[in-house]
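We begin with a single chain expressed as structure tokens, specifically the form predicted on its own.
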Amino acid sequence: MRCEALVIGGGATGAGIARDLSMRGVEVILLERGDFSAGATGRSHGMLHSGARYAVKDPDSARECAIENEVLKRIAPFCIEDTGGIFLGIDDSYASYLDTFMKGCSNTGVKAEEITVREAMEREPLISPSTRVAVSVLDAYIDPFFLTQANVAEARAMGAEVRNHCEVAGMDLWEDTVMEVRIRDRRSTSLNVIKPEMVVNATGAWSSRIASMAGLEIPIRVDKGSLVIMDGRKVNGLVNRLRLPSDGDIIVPSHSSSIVGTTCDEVPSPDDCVATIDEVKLLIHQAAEMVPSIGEARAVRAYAGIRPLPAEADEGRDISRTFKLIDHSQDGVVNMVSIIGGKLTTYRLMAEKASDLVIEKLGNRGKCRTASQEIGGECSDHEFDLISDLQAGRMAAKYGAACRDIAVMCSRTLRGRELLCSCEQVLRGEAEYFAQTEDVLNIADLLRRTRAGMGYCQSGMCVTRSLSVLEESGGDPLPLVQDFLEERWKGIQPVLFDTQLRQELLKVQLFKSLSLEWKGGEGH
């Protein structure tokens, strides 16, 4: 199999590169070893940065975020909740930082406006009465899963071949050129070979591993950032602490929950990174200083994101969050590039720069159009027979223009209109729509496409219904649900205290009645 550009990595950046190159007429194959957005993309907090967080210590990253914030709000509105954000000065700790912060925002083009505490409390009634000063910024929430899926869908629509669950097993070089890339697809046992003209390594924290297959080295610092999902929305928009970036100073409203982040610690490997109970308690304590009700809320899950940072002498918080594009011609391999670092907010810009370099090496074929061409589209019709306006609105916010086809599938049968996940109000027909595609091999794949299982009970009530959808698509379902529960356990274990511990003991009994093993709160 031949192609002009082989993109390795199906996060937002890899999917964005596949879309960008396809729009310029390049023959593209994208491979992702797991599912799309299952790595660093899906483990982010979904913050569409205004740039304010980096305005003082990381001006390059602040400028990139400020520009891309406006671009993404223009081209991907379907998966963005434009909530706005506030930086809060609590007690007197902000006093020496406010002027520096405002000057940094001004110097980097970040829009920021000081507002009164009364105005802040009208926007966010639950913030601390100790608030002394507030600054309004243009932060927003962006769903990383639906953003990535939209890039995948558009890349495919323009001719790209995009495969998930397809792992790169090795590379063969002749002199200074990658000639063949061996791949293993989970859907079959045989090895296949791709002969690319260019290879784009967009695997983030795993970039060193892929580069080593071509005899290359990429020094990367793998940084873990832990986050906690809290039951319910405690804030209307994003709430940040007015200070230099630190632990527990961001609260992000995300669908039916609130996400508190993040920590910053170097880890030896990007695999199997999990949050700890100490990190969870630290994050909740810090966030509760901004929004006291966070301290009383139920923590339903914790997870750890992975930052692939260029290895530098600086400590984690001091390393720039901007990205780095590497042309491996300088290392002796002429047809391979890697891109590392960056933010979800700047994924499109990263894709543009990587694609520009690929185009330059392949021969000029035109300019990037992703900054002006809308992605995902909007659902022009929110009125569907037998689907409530509320359900139709939820689908439009998840699926964009694809909402219509999914709503039609839900409408076909009475069962298709049943609630599969009551926490996230996902209909069975939504899951059935995606289960019939080759992309979905397990329950987690369904979760990332529909949000079924991401709500208050974290799959406790809907996992068997999701399983039944897959069972109708063929295959042995029981190993699928056991694997899924094992993976969910990693996120549940750090929050087993207070109310969540009682919830897990209930789930233990429910799963026992179904002959499913669940560690839950047993032993605590």
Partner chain sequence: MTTDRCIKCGGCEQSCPVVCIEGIQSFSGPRTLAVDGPRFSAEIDHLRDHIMKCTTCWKCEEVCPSRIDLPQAILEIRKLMFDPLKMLPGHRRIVENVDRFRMSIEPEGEAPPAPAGEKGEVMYFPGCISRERIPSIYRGTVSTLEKVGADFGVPKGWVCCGAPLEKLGDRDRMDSLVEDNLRTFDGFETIITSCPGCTTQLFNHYGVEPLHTIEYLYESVGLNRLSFRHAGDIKVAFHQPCHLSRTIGRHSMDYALALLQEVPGLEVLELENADMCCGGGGGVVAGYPDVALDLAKEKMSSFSDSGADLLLAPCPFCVLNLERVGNSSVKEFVTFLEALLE
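All figures in this text were calculated on a predicted structure; none of them were measured in a lab. Positions refer to the first chain, counted from 1.
One more form of this protein should be noted, the form predicted in complex with the partner chain, which is absent from this view; the next part is about it.
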Only hit among Lys111, Arg243, Arg233, Lys324 for heavy atom within 4.5 Å of the partner chain in the model of the complex is Arg233
Contact with the partner chain in the model of the complex, heavy atom within 4.5 Å, among Thr100, Ser329, Ser256, Ser130 goes to Ser256
- Distance check, Thr499 to the partner chain in the model of the complex, heavy atom within 4.5 Å: yes
Point to revise | Distance check, Gln503 to the partner chain in the model of the complex, heavy atom within 4.5 Å | key: yes
Exercise. Applying a 4.5 Å heavy atom distance criterion, does Cys457 contact the partner chain in the model of the complex?
Worked result: yes
Report task. Would you please decide whether Thr370 lies within 4.5 angstroms of the partner chain in the model of the complex, comparing each non-hydrogen atom pair? Result -> no
Assert contact_stretch over 191-199, 172-180, 150-158, 449-457 against the partner chain in the model of the complex, heavy atom within 4.5 Å, equals 449-457
Does the partner chain, in the model of the complex, lie within 4.5 angstroms of each residue among Ala297, Leu390 and Gln425, using heavy atoms as the measure? yes
